[in-house]
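What follows is a single chain, given as structure tokens, in the form predicted alone.
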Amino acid sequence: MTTVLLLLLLAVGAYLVAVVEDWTVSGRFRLAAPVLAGIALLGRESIVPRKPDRIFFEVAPFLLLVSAILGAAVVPLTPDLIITDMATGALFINAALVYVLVALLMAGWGPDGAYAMIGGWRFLGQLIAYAMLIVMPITAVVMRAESLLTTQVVVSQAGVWNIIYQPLGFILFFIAAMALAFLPPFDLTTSKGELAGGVEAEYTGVRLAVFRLGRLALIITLAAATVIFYLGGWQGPLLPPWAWSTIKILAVTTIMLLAGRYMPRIREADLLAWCWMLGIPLALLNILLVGVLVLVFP
């Protein structure tokens, strides 16, 4: 029952993300926009490229969706509303979302098209850049919680949320989450202005609908992970736990969708240089600072 409920909430969340994303692009708040876009996609013919790697081409959209759902499986919305409170839940989120790379490489390689392939390889460059900036801030978070249980990570923030306790880690994780969701300015893998959609370029109809649903679910999962790692999860005054989780996740999602719209797209080479020359030293500094705080103020 819990699994069905959380999958339903994830679907509703994906719908709301689509509404917010349409608002950030068009400037109009239209609740019916995702429905109309979905009907339009489902009504289009699903065209198959002339010489695809058929297995990669067909599996990629579903793998993207599955990886987002797996990541959401260990995210608690309330102390009891979680699919599985896995002992290694904090790291399982990162492990599950590694398959986003696999899905996008398959989507790039499968159609045997130049634009799609360039988009897939660009995302590989992004992964090399941001991968450590996902793991290292999580390391600092679990150091404070003294547990990999995501529920315990939330409980550990009862006094002070991690966004205050380790603001540097929050900034690094948030940037890496945006890169993982290939949101602007890290949308190198789709780049509609130069790659005509990149990894999405060769998908139409139902396949494109599944691909875009997977991306929306991925954004929700990453926003929820940000909330449990840094914003106290379900904790808050007056309102019930599920309400605080919902409010925080939607707020983080909106910020993720809005932030990159006002920044120029970053070349993959520059992203690699900045992450490895600046991001990783800052992540190590964050781990050091949190370690000192944990020892001095246990």
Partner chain sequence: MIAGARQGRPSALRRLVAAAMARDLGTFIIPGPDIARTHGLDIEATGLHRVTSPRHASVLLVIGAIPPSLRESAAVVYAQMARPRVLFVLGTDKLFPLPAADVMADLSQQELIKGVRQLRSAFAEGAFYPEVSDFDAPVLQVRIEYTCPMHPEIVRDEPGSCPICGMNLVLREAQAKAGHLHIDHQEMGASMDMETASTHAHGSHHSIDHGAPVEYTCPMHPEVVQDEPGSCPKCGMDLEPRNAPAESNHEHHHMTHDEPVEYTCPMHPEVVQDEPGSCPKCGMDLVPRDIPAESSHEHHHMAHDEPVEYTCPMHPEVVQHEPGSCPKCGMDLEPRETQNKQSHKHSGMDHNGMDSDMDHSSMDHGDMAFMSMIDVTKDLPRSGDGLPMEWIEAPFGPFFPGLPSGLLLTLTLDGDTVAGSNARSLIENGELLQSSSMDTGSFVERLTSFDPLAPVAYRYLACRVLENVAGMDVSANTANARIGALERERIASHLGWLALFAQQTGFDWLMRRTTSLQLKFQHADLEQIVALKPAILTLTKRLQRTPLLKSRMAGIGLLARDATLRGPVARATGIGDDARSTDKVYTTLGFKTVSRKTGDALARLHVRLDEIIHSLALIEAAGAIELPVPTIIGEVSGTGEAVVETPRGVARLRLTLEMGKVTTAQLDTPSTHHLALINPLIEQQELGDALLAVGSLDLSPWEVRQ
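Positions refer to the first chain, counted from 1. All of these numbers come straight from a predicted model, not from anything done at the bench.
Not on display, but discussed next: the form predicted together with the partner chain.
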Looking at heavy atoms inside 4.5 Å, which stretch does the partner chain contact in the predicted bound form, given the options 198 to 206, 166 to 174, 221 to 229, 151 to 159?
198 to 206
Give a yes/no on whether residue 80 approaches the partner chain to within 4.5 Å in the predicted bound form, heavy atoms considered.
no
The partner chain contact at residue 73 in the predicted bound form, heavy atom, 4.5 Å:
no
Closest heavy atom of residue 109 to the partner chain in the predicted bound form, within 4.5 Å or not?
yes
Does the partner chain get within 4.5 angstroms of any non-hydrogen atom of residue 43 in the predicted bound form?
yes
Exactly one of 273, 251, 66, 37 comes within 4.5 Å of the partner chain in the predicted bound form through a heavy atom, and that residue is 37
Which residues within 240 to 272 place at least one heavy atom within 4.5 Å of the partner chain in the predicted bound form?
260, 261, 262, 263, 264, 265, 266, 267, 268, 270
